[in-house]
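Here's a solo chain for you in C-alpha coordinates, the form predicted alone.
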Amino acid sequence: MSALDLPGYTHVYSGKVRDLYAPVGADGEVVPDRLLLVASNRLSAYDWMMSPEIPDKGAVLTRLSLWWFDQLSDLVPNHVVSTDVPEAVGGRAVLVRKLEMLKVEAIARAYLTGGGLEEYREKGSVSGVVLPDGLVDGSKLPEPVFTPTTKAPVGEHDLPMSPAEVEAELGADVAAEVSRLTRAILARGNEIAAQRGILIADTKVEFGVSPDGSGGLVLADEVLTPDSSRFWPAELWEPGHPQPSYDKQFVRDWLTSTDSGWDRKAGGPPPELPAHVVEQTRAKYVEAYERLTGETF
(Lines give C-alpha, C1' and ligand atoms only; values in the text may rest on other atoms or scores of the structure.)
Protein backbone atom coordinates (compact mmCIF):
# COMPACT_ATOMS: atom_id res chain seq x y z
CA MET A 1 0.00 0.00 0.00
CA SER A 2 2.63 2.53 -1.02
CA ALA A 3 1.45 6.14 -0.98
CA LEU A 4 1.10 7.99 -4.26
CA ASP A 5 3.15 11.10 -4.96
CA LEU A 6 0.39 13.66 -5.53
CA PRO A 7 1.61 17.22 -6.14
CA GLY A 8 -0.03 19.58 -3.63
CA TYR A 9 -0.97 16.76 -1.24
CA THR A 10 0.68 14.85 1.57
CA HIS A 11 -0.22 11.26 2.56
CA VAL A 12 -1.98 11.04 5.94
CA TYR A 13 -3.39 7.54 6.34
CA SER A 14 -4.17 4.28 4.54
CA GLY A 15 -7.07 2.08 5.62
CA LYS A 16 -8.18 -1.24 4.22
CA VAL A 17 -9.44 0.19 0.93
CA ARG A 18 -9.07 3.98 1.20
CA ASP A 19 -6.16 6.37 1.33
CA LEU A 20 -6.29 9.87 2.81
CA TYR A 21 -4.17 12.82 1.68
CA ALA A 22 -4.17 16.36 3.08
CA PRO A 23 -3.98 19.34 0.70
CA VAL A 24 -0.93 21.56 1.17
CA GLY A 25 -1.40 25.31 0.71
CA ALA A 26 0.88 27.69 -1.23
CA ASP A 27 2.61 28.50 2.09
CA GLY A 28 3.60 24.84 2.51
CA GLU A 29 1.17 24.38 5.40
CA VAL A 30 -1.40 21.57 5.49
CA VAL A 31 -4.96 22.82 4.88
CA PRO A 32 -6.62 21.90 8.20
CA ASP A 33 -10.25 21.35 7.22
CA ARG A 34 -9.98 19.35 3.96
CA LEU A 35 -8.95 15.82 2.96
CA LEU A 36 -8.56 13.99 -0.32
CA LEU A 37 -10.32 10.62 -0.02
CA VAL A 38 -8.95 8.12 -2.56
CA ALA A 39 -10.70 4.79 -3.19
CA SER A 40 -8.18 2.10 -4.11
CA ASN A 41 -8.89 -1.12 -6.00
CA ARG A 42 -8.04 -3.13 -2.87
CA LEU A 43 -10.61 -5.55 -1.53
CA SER A 44 -10.90 -6.99 1.96
CA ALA A 45 -12.88 -10.06 3.01
CA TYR A 46 -13.02 -11.72 6.42
CA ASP A 47 -10.69 -8.94 7.62
CA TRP A 48 -7.94 -10.02 5.19
CA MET A 49 -6.66 -7.96 2.28
CA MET A 50 -7.14 -9.86 -0.97
CA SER A 51 -4.64 -10.12 -3.79
CA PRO A 52 -4.72 -9.18 -6.61
CA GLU A 53 -6.75 -5.95 -6.65
CA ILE A 54 -10.08 -5.60 -8.50
CA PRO A 55 -9.72 -3.35 -11.61
CA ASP A 56 -11.95 -0.21 -11.63
CA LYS A 57 -13.35 -0.96 -8.19
CA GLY A 58 -12.28 2.40 -6.73
CA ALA A 59 -13.90 4.35 -9.56
CA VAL A 60 -17.15 2.35 -9.32
CA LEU A 61 -17.38 2.93 -5.55
CA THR A 62 -16.62 6.64 -5.88
CA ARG A 63 -19.15 7.25 -8.65
CA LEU A 64 -21.84 5.22 -6.90
CA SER A 65 -21.31 7.04 -3.58
CA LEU A 66 -21.58 10.42 -5.33
CA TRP A 67 -24.82 9.29 -6.97
CA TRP A 68 -26.25 8.12 -3.63
CA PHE A 69 -25.18 11.31 -1.81
CA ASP A 70 -27.47 13.16 -4.25
CA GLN A 71 -30.36 10.75 -3.60
CA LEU A 72 -29.95 11.19 0.17
CA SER A 73 -29.24 14.93 0.30
CA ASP A 74 -32.62 15.80 1.87
CA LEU A 75 -32.06 13.26 4.69
CA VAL A 76 -28.53 14.15 5.76
CA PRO A 77 -25.69 16.45 4.63
CA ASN A 78 -22.54 14.76 3.27
CA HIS A 79 -18.83 15.49 3.36
CA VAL A 80 -18.20 16.11 -0.36
CA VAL A 81 -16.59 19.45 -1.25
CA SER A 82 -15.40 18.85 -4.83
CA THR A 83 -14.63 16.19 -7.42
CA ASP A 84 -11.85 18.37 -8.87
CA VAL A 85 -8.91 16.10 -7.94
CA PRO A 86 -5.38 15.32 -9.19
CA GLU A 87 -5.33 13.51 -12.53
CA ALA A 88 -3.51 10.49 -11.08
CA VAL A 89 -6.59 9.69 -8.95
CA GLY A 90 -9.23 11.10 -11.31
CA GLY A 91 -12.58 9.32 -11.03
CA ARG A 92 -11.73 7.56 -7.78
CA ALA A 93 -11.14 10.45 -5.40
CA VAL A 94 -13.12 13.29 -3.83
CA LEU A 95 -12.11 16.35 -1.85
CA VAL A 96 -14.06 16.23 1.43
CA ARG A 97 -14.55 18.10 4.69
CA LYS A 98 -12.28 16.88 7.48
CA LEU A 99 -14.55 15.59 10.24
CA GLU A 100 -14.26 14.05 13.68
CA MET A 101 -15.49 10.52 12.88
CA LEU A 102 -17.78 8.72 15.30
CA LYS A 103 -16.18 5.64 16.84
CA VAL A 104 -19.11 3.38 15.98
CA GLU A 105 -19.79 1.36 12.82
CA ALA A 106 -23.39 2.33 12.04
CA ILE A 107 -25.05 -0.74 10.51
CA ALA A 108 -28.70 -1.30 9.61
CA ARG A 109 -30.29 -4.54 8.40
CA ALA A 110 -33.44 -4.85 6.29
CA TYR A 111 -33.06 -8.60 5.71
CA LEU A 112 -31.68 -11.31 7.97
CA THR A 113 -28.36 -12.84 6.92
CA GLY A 114 -24.68 -13.06 7.86
CA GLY A 115 -23.71 -12.21 11.43
CA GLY A 116 -27.26 -11.07 12.18
CA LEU A 117 -28.62 -14.50 11.25
CA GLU A 118 -26.05 -16.25 13.49
CA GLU A 119 -27.09 -14.12 16.47
CA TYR A 120 -30.80 -14.61 15.73
CA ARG A 121 -30.40 -18.40 15.66
CA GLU A 122 -28.65 -18.23 19.02
CA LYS A 123 -30.77 -15.63 20.85
CA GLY A 124 -33.84 -14.78 18.75
CA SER A 125 -32.58 -11.20 18.54
CA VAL A 126 -30.08 -9.02 16.66
CA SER A 127 -28.10 -6.44 18.67
CA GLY A 128 -30.67 -6.69 21.44
CA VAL A 129 -33.65 -6.18 19.10
CA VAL A 130 -36.05 -9.11 19.54
CA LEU A 131 -37.30 -10.42 16.18
CA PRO A 132 -40.33 -12.56 15.25
CA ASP A 133 -40.00 -16.36 15.38
CA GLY A 134 -39.56 -18.43 12.24
CA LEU A 135 -37.20 -16.15 10.27
CA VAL A 136 -34.68 -17.83 7.95
CA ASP A 137 -31.62 -16.81 5.92
CA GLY A 138 -32.81 -13.98 3.65
CA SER A 139 -36.06 -13.18 5.51
CA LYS A 140 -37.25 -9.57 5.24
CA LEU A 141 -37.39 -7.90 8.65
CA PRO A 142 -40.58 -6.06 9.72
CA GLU A 143 -38.56 -2.82 9.54
CA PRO A 144 -34.85 -1.94 9.32
CA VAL A 145 -32.95 -2.71 12.55
CA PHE A 146 -29.91 -0.78 13.84
CA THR A 147 -27.09 -3.25 14.65
CA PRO A 148 -23.94 -1.23 15.42
CA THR A 149 -20.44 -2.59 16.01
CA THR A 150 -17.14 -1.30 17.34
CA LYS A 151 -14.71 0.20 14.84
CA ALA A 152 -11.72 -2.11 15.16
CA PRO A 153 -8.20 -1.26 13.94
CA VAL A 154 -7.05 -2.94 10.70
CA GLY A 155 -6.48 -6.64 11.37
CA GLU A 156 -8.90 -6.86 14.28
CA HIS A 157 -12.58 -7.86 14.23
CA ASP A 158 -15.45 -5.42 14.80
CA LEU A 159 -17.58 -6.51 17.77
CA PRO A 160 -21.36 -6.06 18.20
CA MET A 161 -22.37 -3.16 20.49
CA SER A 162 -25.44 -3.01 22.71
CA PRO A 163 -27.63 0.14 22.74
CA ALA A 164 -26.16 0.99 26.16
CA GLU A 165 -22.60 0.76 24.81
CA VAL A 166 -23.44 3.02 21.85
CA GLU A 167 -24.99 5.59 24.23
CA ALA A 168 -21.91 5.44 26.46
CA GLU A 169 -19.68 6.11 23.43
CA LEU A 170 -21.77 8.81 21.70
CA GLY A 171 -24.21 10.18 24.29
CA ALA A 172 -27.93 9.38 24.20
CA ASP A 173 -29.00 12.09 21.72
CA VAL A 174 -26.30 11.39 19.13
CA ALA A 175 -26.81 7.61 19.51
CA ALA A 176 -30.54 8.00 18.81
CA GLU A 177 -29.86 10.20 15.77
CA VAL A 178 -27.25 7.77 14.37
CA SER A 179 -29.75 4.93 14.72
CA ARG A 180 -32.54 6.94 13.07
CA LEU A 181 -30.41 8.14 10.17
CA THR A 182 -28.78 4.77 9.49
CA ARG A 183 -32.20 3.10 9.25
CA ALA A 184 -33.58 5.98 7.16
CA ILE A 185 -30.66 5.72 4.69
CA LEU A 186 -31.24 1.98 4.25
CA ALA A 187 -35.00 2.49 3.87
CA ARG A 188 -34.47 5.22 1.21
CA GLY A 189 -31.86 3.05 -0.49
CA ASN A 190 -34.29 0.14 -0.73
CA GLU A 191 -37.09 2.40 -1.97
CA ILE A 192 -34.91 3.47 -4.90
CA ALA A 193 -33.10 0.15 -5.49
CA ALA A 194 -36.33 -1.89 -5.48
CA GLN A 195 -37.48 0.01 -8.59
CA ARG A 196 -34.28 -1.18 -10.26
CA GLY A 197 -34.52 -4.83 -9.22
CA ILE A 198 -32.05 -4.74 -6.32
CA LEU A 199 -32.64 -5.48 -2.63
CA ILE A 200 -30.21 -3.96 -0.12
CA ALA A 201 -30.02 -6.50 2.70
CA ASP A 202 -27.89 -4.43 5.05
CA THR A 203 -25.51 -1.49 4.99
CA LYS A 204 -22.79 0.20 6.99
CA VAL A 205 -22.52 3.99 7.04
CA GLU A 206 -19.99 6.37 8.58
CA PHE A 207 -20.87 9.63 10.30
CA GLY A 208 -18.72 12.51 11.45
CA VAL A 209 -19.16 15.90 13.06
CA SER A 210 -17.40 19.22 12.52
CA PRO A 211 -14.25 19.46 14.66
CA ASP A 212 -15.61 22.70 16.18
CA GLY A 213 -18.78 20.89 17.23
CA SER A 214 -21.07 23.04 15.09
CA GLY A 215 -23.89 21.53 13.03
CA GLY A 216 -25.23 17.99 13.19
CA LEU A 217 -24.14 14.64 11.82
CA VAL A 218 -22.48 14.50 8.40
CA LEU A 219 -22.53 11.41 6.18
CA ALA A 220 -18.95 10.51 5.24
CA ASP A 221 -16.78 7.85 3.56
CA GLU A 222 -18.90 5.81 1.11
CA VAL A 223 -22.61 5.06 1.07
CA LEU A 224 -24.74 2.18 -0.24
CA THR A 225 -21.95 0.63 -2.31
CA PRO A 226 -21.21 -3.07 -2.87
CA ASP A 227 -18.41 -2.74 -0.28
CA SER A 228 -20.53 -1.25 2.49
CA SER A 229 -23.75 -3.13 1.71
CA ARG A 230 -25.15 -6.48 0.59
CA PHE A 231 -26.98 -6.12 -2.75
CA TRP A 232 -29.25 -8.95 -3.89
CA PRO A 233 -30.94 -9.34 -7.31
CA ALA A 234 -34.64 -9.02 -6.43
CA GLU A 235 -35.74 -11.56 -9.03
CA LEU A 236 -33.62 -14.29 -7.37
CA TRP A 237 -34.61 -13.50 -3.77
CA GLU A 238 -35.76 -16.67 -2.03
CA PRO A 239 -35.51 -16.86 1.76
CA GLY A 240 -34.23 -20.11 3.25
CA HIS A 241 -30.66 -20.11 1.95
CA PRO A 242 -27.82 -17.63 1.16
CA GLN A 243 -28.81 -15.23 -1.66
CA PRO A 244 -26.73 -14.57 -4.78
CA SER A 245 -25.28 -11.09 -4.50
CA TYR A 246 -23.65 -8.13 -6.23
CA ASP A 247 -21.07 -7.50 -3.56
CA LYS A 248 -17.86 -9.08 -2.35
CA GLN A 249 -19.90 -12.03 -1.07
CA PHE A 250 -18.77 -13.58 -4.37
CA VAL A 251 -15.18 -13.49 -3.08
CA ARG A 252 -16.25 -14.70 0.37
CA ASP A 253 -18.09 -17.65 -1.19
CA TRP A 254 -15.03 -18.66 -3.22
CA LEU A 255 -12.77 -18.37 -0.16
CA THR A 256 -14.99 -20.65 1.91
CA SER A 257 -15.46 -23.18 -0.93
CA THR A 258 -13.27 -26.26 -1.32
CA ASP A 259 -11.84 -24.67 -4.51
CA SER A 260 -9.78 -22.18 -2.50
CA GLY A 261 -8.31 -24.77 -0.14
CA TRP A 262 -8.32 -22.10 2.60
CA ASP A 263 -9.18 -22.92 6.20
CA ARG A 264 -10.55 -19.67 7.62
CA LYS A 265 -10.40 -20.96 11.21
CA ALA A 266 -6.74 -21.95 10.95
CA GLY A 267 -5.74 -18.28 11.01
CA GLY A 268 -3.41 -18.23 8.00
CA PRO A 269 -3.74 -15.75 5.12
CA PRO A 270 -6.07 -16.58 2.21
CA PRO A 271 -4.72 -17.61 -1.21
CA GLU A 272 -4.47 -15.36 -4.28
CA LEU A 273 -7.77 -14.84 -6.05
CA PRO A 274 -7.85 -16.64 -9.42
CA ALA A 275 -8.35 -14.52 -12.55
CA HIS A 276 -11.96 -15.64 -13.08
CA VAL A 277 -12.94 -14.56 -9.54
CA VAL A 278 -11.27 -11.15 -10.08
CA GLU A 279 -13.05 -10.69 -13.44
CA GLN A 280 -16.45 -11.79 -12.13
CA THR A 281 -16.08 -9.53 -9.07
CA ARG A 282 -15.29 -6.52 -11.27
CA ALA A 283 -18.28 -7.37 -13.47
CA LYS A 284 -20.54 -7.57 -10.38
CA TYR A 285 -19.43 -4.11 -9.17
CA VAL A 286 -20.01 -2.57 -12.61
CA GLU A 287 -23.39 -4.31 -13.01
CA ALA A 288 -24.56 -3.02 -9.62
CA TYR A 289 -23.52 0.53 -10.57
CA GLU A 290 -25.21 0.41 -13.98
CA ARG A 291 -28.39 -1.19 -12.68
CA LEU A 292 -28.80 1.31 -9.85
CA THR A 293 -27.87 4.53 -11.63
CA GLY A 294 -29.07 3.70 -15.14
CA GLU A 295 -25.71 5.01 -16.40
CA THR A 296 -23.08 3.07 -18.36
CA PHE A 297 -19.81 2.80 -16.44
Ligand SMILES: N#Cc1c(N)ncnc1-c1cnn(Cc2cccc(F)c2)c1
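What you see is a predicted model, and the numbers here were worked out from it, not measured in a lab. Residue indices: 1-based, along the sequence shown. Rigid core (definition): largest C-alpha set, two forms, superposition within 1.5 Å.
The protein also exists as the form predicted in complex with this ligand; that form is not presented, and the subsequent description refers to it.
- In the modelled overlay, this ligand taken from its pose in the model of the complex has three or more atoms closer than 2.4 Å to backbone or C-beta atoms of this form, which marks the pocket as blocked.
- The listed set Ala193, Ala175, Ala93, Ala220 contains one residue whose heavy atoms approach this ligand in the model of the complex to within 4.5 Å, identified as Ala220.
- Residue-level contacts in the model of the complex: of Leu72, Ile198, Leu99, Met161, one residue has a heavy atom within 4.5 Å of this ligand, and it is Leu99.
- In the model of the complex, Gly15 approaches this ligand with a heavy atom inside 4.5 Å.
- None of the heavy atoms of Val251 is located within 4.5 Å of this ligand in the model of the complex.
- Proximity of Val277 to this ligand in the model of the complex falls outside the 4.5 Å heavy atom cutoff.
- When contacts are judged by a 4.5 Å heavy atom cut-off, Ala59 does not count as touching this ligand in the model of the complex.
- None of 258-266, 35-43, 231-239, 60-68 except one has non-hydrogen atoms within 4.5 angstroms of this ligand in the model of the complex; the exception is 35-43.
- In this overlay on the rigid core, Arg42 has a C-alpha that sits 2 Å or more away from its partner position between the shown form and the other one.
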